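Read the single chain below, which is given as structure tokens and is the form predicted on its own.
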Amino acid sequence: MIGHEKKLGWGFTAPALVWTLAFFVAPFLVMIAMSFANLEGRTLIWGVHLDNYIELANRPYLLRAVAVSMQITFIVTLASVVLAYPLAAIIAFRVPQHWQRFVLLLAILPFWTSYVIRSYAWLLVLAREGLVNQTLIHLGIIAEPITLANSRFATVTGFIHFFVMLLTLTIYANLVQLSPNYRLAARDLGANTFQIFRHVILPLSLPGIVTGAFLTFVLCIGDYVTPHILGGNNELTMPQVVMVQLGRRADFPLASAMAIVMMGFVTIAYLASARWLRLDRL
């Protein structure tokens, strides 16, 4: 009976395992091997070479792309957490329960719009003749339009617009599970509102913050569309440089090396998040 159940379990899991091996594990192993290969002219020389990683460390524009990607990612992650937490707290604690689903529906509306369309919409809003510049001129804050589109500011703005909603959902899911008795007990012990937040609500909601921040980090550092549309190629990020290596130079080994470096950053972020969550549960 037990053997039959094991065979049945393997039968259910085998398609997912085969799919994962064929379309994730195998391509990933090929990419690792490719990153250690050399490109001589149009000929790909397989082997164990560190030339691509050495070139990555010695090319200023490649290092600049790494720095720009990390700076944008950290700014977006931090700003999204700061903006999403109050919104999630308002929905969880201030909005009546029978209205919370409707408010959450409004919060996830940006997910219903194409990622490309959202980016182009922000490009129009931030253009020299766009809504932001025209409003600032009308209010007398500026005399002439300022450059907002095709800049790092535009890229960060587009990212934050998307990731604030994502973080709101993850933080809200954590906050809504907290029993009101925690706050009542803290207030009975003499804690004020700030102390309740600092010593009760915030520590208990850290898992939601860390999870949302990690998802934001992963999606932001690997995104190509938003920096390409809103950044205007004035500051290239790592995904953009990878696309340049693939599209213009057909340098698959160097592009693979850069992809491995990006995955290294994601792995470090994952290990840091996992360690934080484990320590939080101790």
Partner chain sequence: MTKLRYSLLAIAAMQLATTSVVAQELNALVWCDHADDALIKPFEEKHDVKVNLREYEGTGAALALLEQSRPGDWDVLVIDGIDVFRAVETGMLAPLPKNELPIEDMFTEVIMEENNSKDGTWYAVTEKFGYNTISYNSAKVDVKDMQDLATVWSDKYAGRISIYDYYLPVMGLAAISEGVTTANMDAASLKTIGPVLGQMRSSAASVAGVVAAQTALATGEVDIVVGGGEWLTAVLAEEQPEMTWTIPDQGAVRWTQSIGILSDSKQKELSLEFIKYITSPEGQARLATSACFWGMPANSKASDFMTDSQRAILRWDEQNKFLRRTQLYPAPNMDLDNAMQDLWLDKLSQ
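Residue numbers count along the first chain shown, from 1. Keep in mind it's a predicted model, so treat the numbers as computed, not measured.
Beyond what is shown, the protein has a form predicted in complex with its partner chain; the following relates to that form.
Student: Looking at the partner-bound form in the predicted bound form, is residue 46 within 4.5 Å of its partner chain by any heavy atom?
Tutor: Residue 46: no, not in contact with its partner chain in the predicted bound form.
Student: In the predicted bound form, does residue 255 have a heavy atom within 4.5 Å of its partner chain?
Tutor: No, no contact at 4.5 Å.
Student: Does its partner chain get within 4.5 angstroms of any non-hydrogen atom of residue 244 in the predicted bound form?
Tutor: It does: once its partner chain is placed as it appears in the predicted bound form, residue 244 has a heavy atom within 4.5 Å of it.
Student: Examine residue 71 and determine whether its closest non-hydrogen atom to its partner chain in the predicted bound form is within 4.5 angstroms.
Tutor: It does not: once its partner chain is placed as it appears in the predicted bound form, residue 71 has no heavy atom within 4.5 Å of it.
Student: Can you check 210-218, 60-68, 46-54, 23-31 and let me know which stretch has heavy atoms within 4.5 Å of its partner chain in the predicted bound form?
Tutor: In the other structure, the partner sits against 60-68.
Student: Honest question, do 99, 108 and 188 all end up within 4.5 Å of its partner chain in the predicted bound form by heavy atom distance?
Tutor: Spot residues vs its partner chain: no contact at all.
Student: In the predicted bound form, which of the listed residues (79, 123, 178, 200) lies with a heavy atom within 4.5 Å of its partner chain?
Tutor: The option sitting close enough to the partner is 123.
Student: 127, 75, 90, 169: which sits within 4.5 Å of its partner chain in the predicted bound form by any heavy atom?
Tutor: The residue in contact is 127.
Student: Only counting heavy atoms and a 4.5 Å limit, does any residue of 203-237 reach its partner chain in the predicted bound form, and if so which ones?
Tutor: In sequence order, 228, 232, 233, 234, 236 come within 4.5 Å of the partner.
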